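The data below hold one chain only, encoded as structure tokens and taken in the form predicted on its own.
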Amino acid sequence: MKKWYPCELHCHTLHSDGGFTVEGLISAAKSRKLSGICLTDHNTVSGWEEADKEKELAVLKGIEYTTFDGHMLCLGTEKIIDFTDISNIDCTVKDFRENGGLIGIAHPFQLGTPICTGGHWDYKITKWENVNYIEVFSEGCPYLNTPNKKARALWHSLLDKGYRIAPSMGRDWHRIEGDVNLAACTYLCCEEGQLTGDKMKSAIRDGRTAVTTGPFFTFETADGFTVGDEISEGENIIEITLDTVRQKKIATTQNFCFKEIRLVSNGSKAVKVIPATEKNLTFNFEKGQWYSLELWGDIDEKTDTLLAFTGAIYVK
């Protein structure tokens, strides 16, 4: 059996430029009703030993390689590289993958130097098959972060080219002060039971992610397939899940209004639109296409906003 778990995939502590101790980060994650986190301090693994002591919250150990040309997240490998010399990004990424690591592109269109050194992704990757995920949503208030629109367009363009890359929400979590939109996170679809770092890793690798500013939002086909899976062409029914339980527990100051659900496919086209109150969607899925489900509506004073979306399902 599969279950969806809320997780934060981009976190920092005092071991780099964060305000959290490792213990404090874990405590804050639990207070947000998160099931797992990725520990991704900048250019160091010195917090890993402390993270290993945690037995309740799942922790996937990683590192944010922080260079002048981009920030790259590497999860789930003991492989360490010299971050001062990434002369060939394709070779570096391939090396990580061959050592069992997952590769993510952090906040690809964030402002760069001098606002955030290397924050803008400037590496020229040619072998995108070695990249596992992209932070399509980043920062704690993603609907106010204009670069996220470019990140979504990049993700869609790579899906159009046939690459199977998962989307994520990365809070880039450094501290509590000034933190907003407490319910924004990435949901991971894992084997039911105690969540572990290994289960988190498998979910990201298999593309089983759903991104949200608040509500849990995903889907399953009538024959049991979900995000990250490959399905046959032809008519199928999508069964939609829209759940606000966790959102209401921790984000009491924000007002969400769900308006419509869009089925998006190649070229970022909305191929079907239904009211957000609908629980099912019937569609004739075309060969060679990808499909992602999006939830649109209003949040506070921001209207016609992308509130949540899923990773892709693929038609063989």
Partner chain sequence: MSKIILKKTVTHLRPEDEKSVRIIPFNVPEGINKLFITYSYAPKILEDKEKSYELIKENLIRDAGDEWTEYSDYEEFMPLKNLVTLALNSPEGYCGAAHRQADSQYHEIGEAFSSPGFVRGKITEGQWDLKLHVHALVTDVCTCDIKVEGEVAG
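This structure is a prediction, so every number in the text was calculated from the model and none was measured. Numbering follows the first chain given and starts at 1.
This next part talks about the form predicted together with the partner chain, which is not shown.
Practice item. Name the stretch: of 271 to 279, 39 to 47, 24 to 32, 287 to 295, exactly one has residues whose heavy atoms fall within 4.5 Å of the partner chain in the model of the complex. Key: Selected stretch: 39 to 47.
Exercise for review: Tell me whether Phe83, Thr117 and Lys150, taken together, all sit within 4.5 Å of the partner chain in the model of the complex, counting heavy atoms only.
Suggested key: Yes, because Phe83, Thr117 and Lys150 each have a heavy atom that approaches the partner chain to within 4.5 Å in the model of the complex.
Review point. Would Thr113 show up as a contact with the partner chain in the model of the complex if we use heavy atoms at 4.5 Å?
Key: It does: once the partner chain is placed as it appears in the model of the complex, Thr113 has a heavy atom within 4.5 Å of it.
Practice item. Verify the contact flag for Asp17: yes if a non-hydrogen atom of it lies within 4.5 Å of a non-hydrogen atom of the partner chain in the model of the complex, no if not. Key: Taking the distances in the model of the complex, the answer for Asp17 is yes, it comes within 4.5 Å of the partner chain.
Review point. With a 4.5 Å heavy atom cut-off, would you call Glu56 a contact of the partner chain in the model of the complex?
Key: Result no; Glu56 lies far from the partner chain in the model of the complex.
Point to revise | 4.5 Å heavy atom contact, Ser87 and the partner chain in the model of the complex | key: Looking in the model of the complex, residue contacts with the partner chain do not include Ser87, since no heavy atom lies within 4.5 Å.
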